[in-house]
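Form predicted on its own, single chain, as structure tokens, below.
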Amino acid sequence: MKKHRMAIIGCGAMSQGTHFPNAQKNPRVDLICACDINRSVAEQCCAKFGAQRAETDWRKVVEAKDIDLIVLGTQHNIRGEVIIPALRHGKPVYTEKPLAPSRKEMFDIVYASRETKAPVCVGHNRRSSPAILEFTRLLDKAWQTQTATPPAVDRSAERKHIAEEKQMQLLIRVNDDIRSWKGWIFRDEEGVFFAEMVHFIDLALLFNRSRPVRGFAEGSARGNFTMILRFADGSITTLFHTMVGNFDYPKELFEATVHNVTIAMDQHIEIRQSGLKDESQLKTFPFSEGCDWSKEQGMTGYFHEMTRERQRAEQAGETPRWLNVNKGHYAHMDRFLDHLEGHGPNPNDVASAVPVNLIALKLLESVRLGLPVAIGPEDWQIPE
């Protein structure tokens, strides 16, 4: 079994909550280095997760001969200055999203990857969520089907097919709780609009079968907003985000309708569908590792278990345990390791991440102007 000698640069909450634990439990990873501008934080990560040494200078990390894979967990204002030197030293990079805050920096990273042949994987991890992979499979099948289950009242014989029947309507709802956010979000120019919504714009582009042509965003760029993306075939994706929700309520809901088939993915733990005759109407997915105390699955289980857990914790004077869901973080990195070994595609190559970032910036412009914006080839095509 090949061992990938990994260094993690940026030892903040994302790295400590996700990248270090996943590296620690992956048998294909040797965790060589933890790097952070705060030495004590890097040393704490070494002690907690078993990294062999701590560094404060990322340049030493990308030049080190005993490291062959970089995981970049810094904020998105530190991307190209680390990624490009790493690529020039022959080191593949797994970087957190968003890829970069400017068009020039994004393109510089793409061209450096092409020139050096060293791959970059962007952490749009929901692409690797088991529930999203199943949602994608069912959606692909719905696009191809012409035999959805019949309606209760069938008047199709009274008319011919119309153009809208070849379009998809996709709703993505994100329920967030501002009380959990860190202060930098409110100081950052792009804020949560850019840093978090790229996840969902990425999936909107992945699920749709034609190019986006127009976007509109309305609301507050800080958190309460709705985005609309129109595609060349007339399909529409609506992305609704609230910052004043409650974290006891599930965060993510996807609902797609196409060819008289409706598919819903709820909180990465349940998929419901109507219209595909030979598919289950309901499928559930287990909670994340460490949630073995939960006995029920799916959305019903989620609410039952959380209610019981709050009651238990209140009686015991403890903080309630949280029901975490599998959003694909471990699998996304593992698929990248497969790619580095020559087995399978890059789960999110850098070229596919650029249109996501550019469209997010276009939508940020839209919400500030209060006007629709055109999305053209310059936003989704990268010249060779």
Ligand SMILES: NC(=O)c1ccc[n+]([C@@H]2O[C@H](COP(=O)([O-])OP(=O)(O)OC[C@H]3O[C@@H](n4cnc5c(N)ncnc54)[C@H](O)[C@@H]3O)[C@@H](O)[C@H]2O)c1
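None of the values given here were measured: they were computed from a predicted structure. All residue numbers refer to positions in the sequence shown, first residue = 1.
We do not show the form predicted together with the named molecule, though everything after this point is about it.
Looking at the partner-bound form in the predicted complex, is P98 within 4.5 Å of the named molecule by any heavy atom?
Contact with the named molecule, yes.
If you check in the predicted complex, is S210 within 4.5 Å of the named molecule, heavy atoms only?
S210 lies outside the contact set for the named molecule.
How about I78 - does it come within 4.5 Å of the named molecule in the predicted complex, if we only consider non-hydrogen atoms?
Within the cut-off, so yes.
With a 4.5 Å heavy atom cut-off, would you call I37 a contact of the named molecule in the predicted complex?
Judged by the heavy-atom cut-off of 4.5 Å, I37 is in contact with the named molecule in the predicted complex.
Select, from the options 160 to 168, 173 to 181, 117 to 125, 297 to 305, the stretch whose residues sit within 4.5 angstroms of the named molecule in the predicted complex by heavy atom distance.
That would be stretch 117 to 125.
Counting any non-hydrogen atom inside 4.5 Å, which residue from A195, L205, A112, M243 sits next to the named molecule in the predicted complex?
Partner contact (heavy atom, 4.5 Å) among the options: A195.
Between the options R214, R272, H259, H199, which residue brings a heavy atom to within 4.5 Å of the named molecule in the predicted complex?
That would be H199.
Does every residue of I67, I70 and P92 put a non-hydrogen atom within 4.5 angstroms of the named molecule in the predicted complex?
So, no: the whole triplet misses the named molecule.
So which residues in 222 to 240, when you check the named molecule in the predicted complex, have a heavy atom no farther than 4.5 Å from it?
Sequence-ordered list is empty.
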